[in-house]
Structures are given as structure tokens and as C-alpha cells.
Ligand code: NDP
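This document starts with one chain, in the form predicted on its own, laid out as C-alpha cells.
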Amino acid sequence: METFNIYNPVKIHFGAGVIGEAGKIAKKYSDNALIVTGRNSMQKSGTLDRLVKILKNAGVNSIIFDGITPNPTTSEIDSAAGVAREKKVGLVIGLGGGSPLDSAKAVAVAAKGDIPVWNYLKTPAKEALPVITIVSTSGTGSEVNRYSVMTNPETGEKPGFGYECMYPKDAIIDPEIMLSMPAYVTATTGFDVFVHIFESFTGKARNAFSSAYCMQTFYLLKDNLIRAYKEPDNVESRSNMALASALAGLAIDISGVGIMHAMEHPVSGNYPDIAHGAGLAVLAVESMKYNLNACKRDYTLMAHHLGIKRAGKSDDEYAMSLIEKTEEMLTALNLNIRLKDLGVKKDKLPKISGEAFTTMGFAIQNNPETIGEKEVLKILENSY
């Protein structure tokens, strides 16, 4: 019998309009909050102004740091942490997609310490300011887990890290906020959900709890990922994708990710304009082919939960149908692209391959099939 430990202390507030509770929730922790967000989307949608008003009505002062880019850098996080210390905030609120949410958790750690945030890759963090996440996309799962990803702008390295003190205290998941998501963001973040549950379900660290989250998420993706992309005003599909994102985030908090993430992090680390989900889309099919022999039974289970008909197929054929379904999904989302289409230079592939091991070693170790740098480079070349 396997032995494992499960811990996730995040209180989830889910439903249309729950952003209205943000003031009451924030007031429990502090009357002086730093809002960490990106440069455009939350301003254009009016969500940032709305949040500031909600907080003000609850007696919570807001300080805004809106310098977070799609692939957050250590300098951005250190700058925000400096503001948090200077203004003596008692709470960090991450508002937006995965990048602001990841950054908020890192800021909360760095604001309590006196070292650059990059140092926390080797120096365990024991305390952090309380964090509330308010998510605007359906993809990263960062709203409900401890993990943060950051890029070193000098080297292009893009590792992930997460300590127990980095769990958000509360996650506010309001599907109405997500109605403003552009089609491309809907596609890339939605495909990120698929990769999260694929790698969580097949990874070596999986257990019964993470697998249960994955199975429910497959059911939700089956009917809602493409629909949310094609029908952006469909509140039901947006809600189901928001739920799928949270469930997938809980799954990877338990059992981690694999080679798709291990390769994608250095891709977008070296090319910061590449969206994380787009990088995953490029690498998915070749990665799935590489892992096929190690987890055929898992592939057949995933195929079933995605609604693929068996119709007399052999185990091998049914397992392959999952890869074929993934290709169909990518085509429907207009993400059936190559690394060269994203602007990646071929002579960068060896560097990217090496960084998959130096910055994302835990994901390499968690992959179901043993893999070395030579094999990773081959996957990258086949995806080019």
C-alpha cells in the first residue's frame, strides 16, 4: 500500500460575483494591501478599479504594483517586494492570470526576507505575507497551489519553486471576470489545464487524490475547452473551465508535472514573448509519443474520460487515439504550430535542452519514462 501526505490550506471562494467578497476577506488579514497585477488586461476590463473600490469600502487601503509581465522576472518581483516593505503592507493580492498570481506568492516571500527572490531557490522560505489570489484566466491553477515561476533576465533560466508558507490564504474564482479573456488567452491557458492533468495523471508522484482531481477535470475539459474558445460569452463553459483550472492546480500541487513543462520553461524563459500554453502546445504531441510505451494504460483511461469511443480498437490503437485527439484539440484551438512558428532559433535548442535539467530537474525526475538530455533535444528537434 502506498504512503503519501496531502496538504492544501487554501480556502476557495467560487462563483459568479464572488469578487464582491474580496474586501471582507482581505480585512481579515490587513487594512493595507499590495495588489500585484499585469500592465493591461485588468485595467482595460475595469476589474482593477472595481477591486480597489471593493477594498476601499471594506476599509482596506490599496497600493498597486502593475509591472508584471507575462513571464515575470526576478527584477519585477524584487521591485514589488521593495514596495511592499516600504509601504508596510500586511497582505499581497494577486490579480490576473498565472503570472501575477505566481508573482504575488514570490513577492510575499521576498517582502518578509532581506535577500533577492532568486536566492530562495536554494534558501528555503519559512514565512511570507498572507496572499489572496483573484484569478482572471482558466489555466495555470496558481490560484490554489504554492508554486511560483520566475525568469532570470540575465540568463533566461525559468525555474519554479514553492514552499508551504507560499500557499494563498484565500482564492477568489469568479467566472464573470473571465468573460473578458481574449480567444488566444482562452486557448493557451485552457490547453495548460490539459497538460497539467495529463502530466499529473501520468507522473511518478501521482496518487489517488491527484488522480481523482484529474479524472473530474477531463470530464470538464471534454465539453467545455473548445466551447469556451468558440463561445466566449458562454458563462457555463467559462465556469466549468474555471473549475477545471482549480482542480488541475490542486492535482499538480500534489503530483507535479513532467517533460512538457520541463522543456517549456526554458523555451519561454529564453523567449519571454512566448505564452506558456503556446509553448506547451508545440511540445505536447512529441512528448506524448515519447511517453506512450511507459503509460499505455493511462492513455486509454484518459481517452475514455475525454469521451473517445473505443469501437473495437486494440489497447495500442486506443492509446494512440489520445494523441490523435490532442492534435484535433490543438487544431480547433489554432495552436497546431511548431517551435519555429514561435520565433525559436534552432541553434538555441541545445541550451533549452540543458536548462530543462538544471532548472526543472524535479519535472524530469517525475516523468513516467526515463529521459536524458539527448532525448529531450530530440523531442525539441521533432517539434521544430
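Residue numbers here begin at 1 and follow the sequence given. Keep in mind that what you see is a predicted model, and the values were worked out from it rather than measured.
One more form of this protein exists, namely the form predicted together with the ligand; it is left out here, but the text below deals with it.
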Does the ligand come within 4.5 Å of a heavy atom in each of Ser41, Gly97 and Tyr147 in the predicted complex? yes
Please identify the residue among Ile177, Ala187, Ile132, Val195 with any heavy atom within 4.5 Å of the ligand in the predicted complex. Ile177
Looking at Met166, Met181, Leu301, Val89, which has any heavy atom no more than 4.5 Å from the ligand in the predicted complex? Met181
Does Thr137 reach the ligand in the predicted complex if we count a contact as any heavy atom within 4.5 Å? yes
Is Ile252 near the ligand? Define near as a heavy atom within 4.5 Å, in the predicted complex. yes
State yes or no: in the predicted complex, is some non-hydrogen atom of Lys158 no more than 4.5 angstroms from a non-hydrogen atom of the ligand? yes
Does the ligand get within 4.5 angstroms of any non-hydrogen atom of Pro350 in the predicted complex? no
Using a 4.5 Å heavy atom cut-off, which of 198 to 206, 307 to 315, 77 to 85, 97 to 105 contacts the ligand in the predicted complex? 97 to 105
Any residue of 69 to 98 that, in the predicted complex, places a heavy atom within 4.5 Å of the ligand: Pro70, Asn71, Pro72, Gly97, Gly98
